[in-house]
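Have a look below at one chain only, the form predicted on its own, in structure tokens format.
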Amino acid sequence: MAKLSVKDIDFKGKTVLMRADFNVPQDANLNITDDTRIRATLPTIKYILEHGVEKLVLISHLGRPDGKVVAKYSLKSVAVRLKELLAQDVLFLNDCVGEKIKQEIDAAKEKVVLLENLRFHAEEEANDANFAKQLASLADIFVNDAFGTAHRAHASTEGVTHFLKSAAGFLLEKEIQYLGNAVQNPAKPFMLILGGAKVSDKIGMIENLLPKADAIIVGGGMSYTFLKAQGKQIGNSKLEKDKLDLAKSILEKARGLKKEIVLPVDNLVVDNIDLNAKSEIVGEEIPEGKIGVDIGPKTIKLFEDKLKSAKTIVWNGPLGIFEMDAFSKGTREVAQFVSTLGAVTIIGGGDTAAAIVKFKLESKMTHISTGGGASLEYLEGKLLPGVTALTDK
């Protein structure tokens, strides 16, 4: 990566402003239910602290407060968790800009300071230059380790880089390395597993990676639009009617490129989606009134047979409604199989990452992206403003 990394920076005696992605899920009592994103930033935080920094000022967003102060989106709980993970005090301040905040940072005895949710200010998402300048005035150097927001040109990702020397943290660097290799130079055979609800979410990725991939394996809700485009019956399964022509054109393009798009040959179906729904396995054709919720056993076997020779696998989107145990078998079994292959396995963020964590397979995958939208856009071949804006080496 031709951008400055934390390893290129002399932190001695400096105050560092670090953009992290602490957008973590919380329960009704505001307890953090999954701290993966916090843990993912620890290598960068620890490296900066070990290299003579005066203060480390951490900034992040949480949820979508839309420019207003919303108590349930406070980062207070993150400060508590960070203190536990770092085994040192973390000072939490109740805003992220202003003279008072500046004074409190300067006076702080703690080395690590976490500021309140950036998105309590509408100027953050508007990439307001004055707001970015106020953030930058808190420090001497900027480090971005928030890959999950790198596809957004916000004040804390793009704007702030106009005022400070800016470097990539280890997590951001790792994301770019693995996703970049998958896009530019994957070890072959290169297989793509696509799932999730919508074809429309994955169009750019399919178009960018279809010429490079040896096969594209499609499951989840989006597979029914492809099956329908082939003239198959899909009952009441998820369908993007307005994307049928697009699905047909993708299938034709794949044929022209002599690339295989592998679709389900059997499906787990129900009458209605609830925990106690009676399910059955049907073939490629889904009967009227039935809803496809997972791939069937023959499809699991088919997908595994296709994947066993892969050297690189990029997976974006679950193969069924994995959140409900009764409909999680397809995603779970394919994930377990993929984890044994010894291939480079890159898991796109969001639901796919959540599924891998649910099945306790994270340690067996090469890389799990922390950025759903960001990893998708990077795999589409788009430039990410939060990465492009960093200082060149």
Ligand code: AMP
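All residue numbers refer to positions in the sequence shown, first residue = 1. This structure is a prediction, so every number in the text was calculated from the model and none was measured.
Heads up, the form predicted together with the named molecule isn't pictured, but that's what we're talking about next.
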Exercise for the section: Name the single residue among 321, 227, 205, 250 that comes within 4.5 Å of the named molecule in the predicted bound form, judging by heavy atoms. Expected result: 321
Practice task
State the residue from 186, 296, 196, 159 whose non-hydrogen atoms include one within 4.5 Å of the named molecule in the predicted bound form.
Solution key: 196
Handout entry: Interface stretch in the predicted bound form with the named molecule - options 167-175, 120-128, 312-320, 253-261, non-hydrogen atom within 4.5 Å
Key = 312-320
Exercise for the section: May I ask you to state whether residue 306 is within 4.5 Å of the named molecule in the predicted bound form, using heavy atom distances? Expected result: no
Handout entry: residue 292: touches the named molecule in the predicted bound form, heavy atom cutoff 4.5 angstroms
Key = yes
Exercise for the section: Evaluate residue 201 for contact with the named molecule in the predicted bound form, applying a 4.5 angstroms cut-off between non-hydrogen atoms, and reply yes or no. Expected result: yes
Practice task
Consider residue 238 of the chain shown here, and say whether it contacts the named molecule in the predicted bound form, taking contact as heavy atoms within 4.5 Å.
Solution key: yes
Handout entry: Residues of stretch 212-234 in contact with the named molecule in the predicted bound form (4.5 Å, non-hydrogen atom)
Key = 220, 221, 224
